[in-house]
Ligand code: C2E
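Next up is one chain by itself, shown in structure tokens, the form predicted alone.
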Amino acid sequence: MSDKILSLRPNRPSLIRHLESYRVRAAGNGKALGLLVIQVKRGQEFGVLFGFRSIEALMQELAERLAGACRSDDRVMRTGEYEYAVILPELMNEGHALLAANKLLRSLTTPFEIDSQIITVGASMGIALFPDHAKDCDALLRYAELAAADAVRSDVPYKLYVPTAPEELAGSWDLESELDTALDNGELEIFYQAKINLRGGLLAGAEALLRWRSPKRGLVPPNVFIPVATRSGQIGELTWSALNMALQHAAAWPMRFGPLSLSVNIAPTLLEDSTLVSRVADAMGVWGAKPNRLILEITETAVMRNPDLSFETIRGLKSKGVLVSIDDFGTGYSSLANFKNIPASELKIDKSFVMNMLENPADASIVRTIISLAQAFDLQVAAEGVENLETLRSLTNMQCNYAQGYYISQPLPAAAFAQFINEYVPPVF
């Protein structure tokens, strides 16, 4: 292994310690310290398609490529499943950092050969500098990762960090305050998206989706207020509010198809809350909910952040009769290595694979693989993101159990969903 590589295992605390020594040096010599974060594109797909060992071999080879393109004092370190950081000391200016990014990108253009498979790797890079952008190492890493995420969203090879405008920060603080008011004033409501059984197309249940109807801002999208609530610590209260509202509504749903399942998303941070199991049980008791009709959806990433604790929590929920669905399944390979240990009832295939499965053979292969895994371990499998009849038919042929998406129904307010139940006609597929 090259002596420029600090670690091939994700180790953020160690990265911060190394950065601090370089920061002290930079503060003394008046030069800039650069941090470049590299995120591998389609890493999750590679993980599912090629398996854990092959992807680890790929990530090691990628580190060697990066090290080979680095200067003698630069250092490479892994910071995530599909992410590396490159420390760039002794920089003259931003232009110098951009030159380094170009050189590193060029080193990745040649395809990799891993276990006799040819893999072409794309990457998005984010760059931040001390002291121009950040005064401490935690901020330097955070800003480089924000820039990398911006590069992914913009579909460009790399982005230099742009400091957040003061008015944007103020807007975030306003949202936090308004969310407190929203919780007090009942501005939050639940929409429901139908879920059907692919054996006959009958209505099986619905996923509860939290919405915020603000008097000041109108209908605020979840991708705006959920990140704010997560940062501010309000996400727990939002989750409990959503669970209780959804259980209350579900208790009054028409019984045309018998008892329907109710799926509610659980915030990742609540997996580490020792009161989660008891609070869920208390909420079911208040609204007279049958445990086997409640499905708590927990993202794969959240489960694998602390597998031992997550599995213990999930086992506690199952002991109460509550079903657990692993949401966004397929967006990370880590759970595949521990697949047999996940005490879940259902896997939910991420919509990013389902929506493109007809045009993209790789996505279709991922969907088929996840369904096969679920069947092998006697788990149910649901697909979200169904937007046309052809996708519905394809999922049925693959023996997927459940489906949801705009082709079946868009998310509906509580009253409209109750009407939808009464008027629902199974699709012919």
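Not measured: the values here are computed from a predicted model. For every residue, the number given is its place in the sequence shown, counted from 1.
Form predicted together with this ligand: not shown, discussed below.
By the criterion of a heavy atom within 4.5 Å, M355 is counted among the residues contacting this ligand in the predicted bound form. This ligand in the predicted bound form comes within 4.5 Å of a heavy atom belonging to P222.
At a distance threshold of 4.5 angstroms between non-hydrogen atoms, Q193 is in contact with this ligand in the predicted bound form.
The closest heavy atom approach of P411 to this ligand in the predicted bound form falls within 4.5 Å. Across the proposed site, I226, E297 and G405 without exception bring a heavy atom within 4.5 Å of this ligand in the predicted bound form. Exactly one listed residue, out of A283, L209, L105, L146, brings a non-hydrogen atom to within 4.5 Å of this ligand in the predicted bound form: L209.
Exactly one listed residue, out of R279, K351, K318, H96, brings a non-hydrogen atom to within 4.5 Å of this ligand in the predicted bound form: K351. Segments offered: 59-67, 23-31, 384-392, 362-370. Contacting this ligand in the predicted bound form at heavy atom distances within 4.5 Å is 384-392. Contacts between 266-302 and this ligand, taken as any heavy atom within 4.5 Å in the predicted bound form, involve I266, A267, E297.
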